[in-house]
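Next comes just one chain, in structure tokens: the form predicted on its own.
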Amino acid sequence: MLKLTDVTAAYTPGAMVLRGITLSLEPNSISAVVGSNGAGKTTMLRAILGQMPFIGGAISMAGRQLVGRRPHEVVSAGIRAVPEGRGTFPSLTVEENLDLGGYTLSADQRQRNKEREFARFPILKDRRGQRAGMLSGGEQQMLAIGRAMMADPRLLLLDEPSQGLAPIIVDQIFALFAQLRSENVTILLVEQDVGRALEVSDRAFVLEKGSIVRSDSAAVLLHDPSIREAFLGIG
């Protein structure tokens, strides 16, 4: 599915943020990237999306090379992202936000996918004519995910999906990931709530100072004493 090989990335020449990232994602899996603030997690997602000005190494999606391609070309490979902060268009309605997510589709397909997302998130159907900026944080996160799913992505990148949400909403959002995987969506999850991320993931990667220092099944890392002490505060 997605493969990164010796990926380096920087915002300015010579100031590397990512240092030799190598990883691969299995189809229809959930993988977590965990690490402290400033470890390079969001930068890695931006590198995948073609949003980094300086990048080396190789990134491929189902054999298609992505390094050097513009973001819209990366999107055409079947990748969608839900950015940190959700990234909805606050002045547009819920329905208009969803329509933008499916802008490449035919009108009939766009309508079918929109009804599917309304079925997935009934609250959005109730709010379809409301401006996105008037939604609660949880509703905006649902809208951001629904908008990304409008285009039937093969790979979904999620950056801090629990940020700023009430625990009951976080439960709903994380319960959704297994459903998306059942729809043949591969998920790459960046999340500060390390325990929750490991609980829902198949595999996990630990990022420190721009390098992957551990990778294993999420279950193994969840019960690893060093991981529990470093990220969960449990000795």
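So that there is no doubt, residue numbering starts at 1 and follows the sequence shown. None of these values were measured; they are calculated from a predicted model.
A second form of this protein, the form predicted in complex with a small molecule, is not displayed here; the remarks below concern that form.
A.B. asks: Name the residue from M61, I169, I55, A39 that puts a heavy atom within 4.5 Å of the small molecule in the model of the complex.
C.D. replies: By the 4.5 Å heavy-atom cutoff, the listed residue in contact is A39.
A.B. asks: In the model of the complex, which of the listed residues (L222, L25, V17, I212) lies with a heavy atom within 4.5 Å of the small molecule?
C.D. replies: In short, V17.
A.B. asks: Since the chain is shown here on its own, which stretch among 172-180, 194-202, 62-70, 40-48 would lie within 4.5 Å of the small molecule in the model of the complex, judged by heavy atoms?
C.D. replies: Stretch with heavy atoms near the partner: 40-48.
A.B. asks: Even though the small molecule is not shown here, does E84 get within 4.5 Å of it in the model of the complex, heavy atoms only?
C.D. replies: Yes, contact at 4.5 Å.
A.B. asks: Closest heavy atom of E160 to the small molecule in the model of the complex, within 4.5 Å or not?
C.D. replies: Answer yes; at least one heavy atom of E160 falls within 4.5 Å of the small molecule in the model of the complex.
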